[in-house]
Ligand code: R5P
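The data below hold one chain only, encoded as structure tokens and taken in the form predicted on its own.
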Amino acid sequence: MKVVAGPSSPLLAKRVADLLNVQLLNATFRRFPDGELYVKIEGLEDETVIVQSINSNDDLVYLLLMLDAASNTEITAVIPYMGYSRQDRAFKEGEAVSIRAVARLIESYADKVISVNLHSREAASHFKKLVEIDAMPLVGKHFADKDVVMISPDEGSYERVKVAAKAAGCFFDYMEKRRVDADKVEISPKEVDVSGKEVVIVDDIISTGSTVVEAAKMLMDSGASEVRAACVHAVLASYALNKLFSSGIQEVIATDTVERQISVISVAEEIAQLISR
């Protein structure tokens, strides 16, 4: 078995290779003058583990080219952040189901697919060879020795924050919208009183950060002494980190599914254990 690091996941791939005690292969990635991408992998043998998150169109094309380069071997495709998962169904007639198209492409090459916290159950349902890792317990364990309350920014992420809070051993809740009158809507924790408490907003993805910023403002207005944010996938589009910190959030942490400066939690051990089994 050999591991190949894609250009979006070099650190995580190195961590996985070290845990498996296998070689990290040399790979070349470059762009032709017309914009087309090029991949070459050296030293391929019988079994290849490719580690590459999909954060952009280039990441997806690089992944497909890596899969093709290793197509004469048995392939485990580790895609820690599965981009294109948002469009998991056709909402209007004639729409492409993006994750279905991506799943079909990847699984035409890969013998097994490993990913972390896909955006929805519907997105995961388009794969036939997928093994999914839940990183929420890792997020929770990061706060296990701290006196915090974990809050989901909406009811849709309630089950995720529940898992993280169980690992942290803390109280949890979600933000609920309440209509005060015809013109005013209040957003606050459904049940838990956060006054004077340190709060961690927990979600699977922080993309633009707008949802987390709105939740943080409401929590501070409700008397929270300090607000932090934690997620699995730190996409951080449109200068999201600037917005998060300028809103008064004290700390933002994430896993290394998307490699950012705030990636203080690694999913490498969970990936390595799956591959070993």
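All residue numbers refer to positions in the sequence shown, first residue = 1. From a predicted model like this one, the values you see are computed outputs, not experimental measurements.
Heads up, the form predicted together with the ligand isn't pictured, but that's what we're talking about next.
Student: Choose from 208-216, 54-62, 221-229, 41-49 the stretch whose residues reach within 4.5 Å of the ligand in the predicted bound form, heavy atoms counted.
Tutor: Checking each option against the 4.5 Å cut-off leaves 208-216.
Student: Could you tell me which one of K197, R100, H119, H142 places a heavy atom within 4.5 Å of the ligand in the predicted bound form?
Tutor: Contact residue from the list: H119.
Student: Just to confirm, with a 4.5 Å cut-off on non-hydrogen atoms, which of S85, S157, T73, T76 contacts the ligand in the predicted bound form?
Tutor: It is S157 that has a heavy atom within 4.5 Å of the partner.
Student: Find out whether any non-hydrogen atom of D204 is located within 4.5 angstroms of the ligand in the predicted bound form, and reply yes or no.
Tutor: Yes - in the predicted bound form, heavy atoms of D204 and the ligand come within 4.5 Å of each other.
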